[in-house]
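Before any questions on how it binds or moves, here is one chain, the form predicted alone, in structure tokens.
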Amino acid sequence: MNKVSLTRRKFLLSTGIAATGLIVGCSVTRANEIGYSTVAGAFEPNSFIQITSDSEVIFYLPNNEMGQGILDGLTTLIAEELRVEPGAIDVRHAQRHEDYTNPEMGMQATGGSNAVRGQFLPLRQAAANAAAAVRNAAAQQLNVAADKIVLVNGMVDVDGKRYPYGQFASLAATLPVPENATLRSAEQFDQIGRERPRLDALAKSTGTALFGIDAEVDDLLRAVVVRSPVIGASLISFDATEARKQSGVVAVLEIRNGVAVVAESYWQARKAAALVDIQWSKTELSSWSSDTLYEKFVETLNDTSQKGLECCNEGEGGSLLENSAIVAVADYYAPYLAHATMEPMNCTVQIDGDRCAIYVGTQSVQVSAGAAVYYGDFDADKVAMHPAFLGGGFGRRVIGDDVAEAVVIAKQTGRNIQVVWSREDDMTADFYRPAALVRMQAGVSEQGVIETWAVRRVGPNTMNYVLDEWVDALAPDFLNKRFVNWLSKFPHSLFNRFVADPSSGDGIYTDYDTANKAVYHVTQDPGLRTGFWRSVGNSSNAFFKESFIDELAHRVGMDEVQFRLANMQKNPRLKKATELAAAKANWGQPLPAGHFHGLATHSSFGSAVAQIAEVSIENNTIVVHRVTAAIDCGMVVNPGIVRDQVEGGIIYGLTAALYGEVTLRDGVVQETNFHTYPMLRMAQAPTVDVHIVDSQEHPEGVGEPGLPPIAPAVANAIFKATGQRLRTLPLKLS
């Protein structure tokens, strides 16, 4: 492989940050057959851990770090059982290998807030086995009984005399590795549950952490892709005469989804790309605009002849609605949303004959590698993956379309290529969170017991678009491409006509004790592609559910906290979180003049979250002063990261609640940058207090559950402040 250029970041990394033990970025090996770089003479008890003769402990991180803290969390699990300090471990992103398959996803990918939950026992067991192997080697080498040996801080202690782990690495490599070594008990933990600065904080705060966009290889050209303004339209023709005249332009070529301009620098490519004259085909999406889309949603919602696909049907379903003393009905709407990751999409491809190396920040090494195989026509064993930090993922970086573009351009030109999307590219060619219009119905007794819960939901699906991309990337390379392409289109028919997309019902009928529930989804899809968005269906469904729950509480004249508690007796985690949030926010106590509290609770990804927003209205503007949150996520690995993630979810969710909206005009996305798709600014951000329910239960998700409750919490506070029940996102006062 050609030498990788030494950038400023890599120089600082090698001279400074390496001293902390954190070395995460684009490795320069091509060791896909084992998934990691073999260190000469190292003890390798499994694919996660290596212990060198110099007593270095190397951990190959099976999940990708995109800001959610799993680098810290998973390293802590290794450190706990291996009896070393987390900061002393050399952490490296794992390359592609089946050993790194996500236990819950069945593929090598990061998402669903399941990294710690899924790896809590497997990684601890891997580290405990390694520790036992070191102990056995030390016992044999020192000629002492194994039970006389104590492992402490990376050292073997025998009657007060200490020896470094590395002294026994060579012998340990020749001995059988224990398979089911005893794990440490919760009472013995001195790393798990301990709060400390996260391991990647120094690298990220000093600019030495390597992200995908930082990749540099020799003889690297930059490429900009001109995509159709209407997603899905095909290229008819193009004229690149003026573009080819521009300084630095190397090539202009047609690729699978548009026209690529290749130049010596990014700005040369970007300037030339603006001069390409392109004719695009017409698609169904080009006939849609946001106002006509909403009208069609309403028409479909009111057309009861379309029953829809069943998400849930329990007890008597919705048949008992009219039997209740109080029957409530309300319609809610949530728009399409973009991911708006701070690091725009990018991918770097290095060509070496029939081999290629991929440098990318990805949520799925497996999908990204598969995209190179399928779209670049590379053999699977000739693709080397070099994953890096992600500047935000939120579900966007699990698709592989960034890799598909880069490998096609590299293959056609035979040159090393970096594709970087502009912010405008990112906004207008996303895989969006789907829009949805729902009709909520409930029957409630005079005592405030929810007796029947019925939902009719209209909107696009998510899984069909995601699987369309995944089938191409994950299909075995020996399959015929035409067959694979046909197979990838099958999910559209499946989820549009026969099976309800699981994300459509995410969280909209759970949490409360109601025995009679019916939730149906009717597909209405203009063709704007959709994808996973942080917390997936929960992000909009929690708004529908918790706003409606608030309406029910007011209809029966009950306090919002007490109404919820009365109807969640079978949900102890959410009950604890609700009680804790109410206590910490001083619910029911006087607030500053003009300030009002709104509550929302929601369970997702195994965790339960309650949030109370303190809101005022100033000059007809919604001001969120404080958010008090409580989370029950089971056992906590690092409390600081849990609080950070809940706070981050609140800020991301509040941005969407107050501003987020992707609109269409003749099929073209109108939001192009942060001036039309604004982010919450620091001056607008509320004070956030996060409290953690003490628990010894198995760890659950943290990266996503903090987001869903914030929009309804704010909306419910606005109702108390103004009497306006806002049922449409983003929240706007009349």
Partner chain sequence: MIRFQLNNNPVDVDVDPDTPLLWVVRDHFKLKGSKFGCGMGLCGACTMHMNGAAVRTCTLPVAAVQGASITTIEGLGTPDKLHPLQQAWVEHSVPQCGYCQSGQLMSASALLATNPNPSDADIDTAMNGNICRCGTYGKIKLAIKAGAQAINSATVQTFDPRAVETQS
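Computed from a predicted structure; not experimentally measured. Positions refer to the first chain, counted from 1.
The following text describes the form predicted together with the partner chain, which does not appear among the structures shown.
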| property | result |
| --- | --- |
| Which of 332-340, 226-234, 455-463, 292-300 lines the interface with the partner chain in the predicted complex (heavy atom within 4.5 Å) | 332-340 |
| Option touching the partner chain, based on a heavy atom within 4.5 Å in the predicted complex, out of Glu310, Glu424, Glu242, Asp381 | Glu424 |
| Contact assignment for the partner chain in the predicted complex, among Val177, Val449, Ile213, Ile278, heavy atom within 4.5 Å | Ile213 |
| 4.5 Å heavy atom contact, Lys575 to the partner chain in the predicted complex | no |
| Interface membership of Ala201, the partner chain in the predicted complex, 4.5 Å heavy atom rule | yes |
| Contact flag, Gln188 vs the partner chain in the predicted complex, heavy atom cut 4.5 Å | no |
| The partner chain contact in the predicted complex: Tyr359, any heavy atom under 4.5 Å | no |
| Interface residues of 384-419 toward the partner chain, as seen in the predicted complex [heavy atoms, 4.5 Å] | Leu390, Gly391, Gly392, Phe394 |
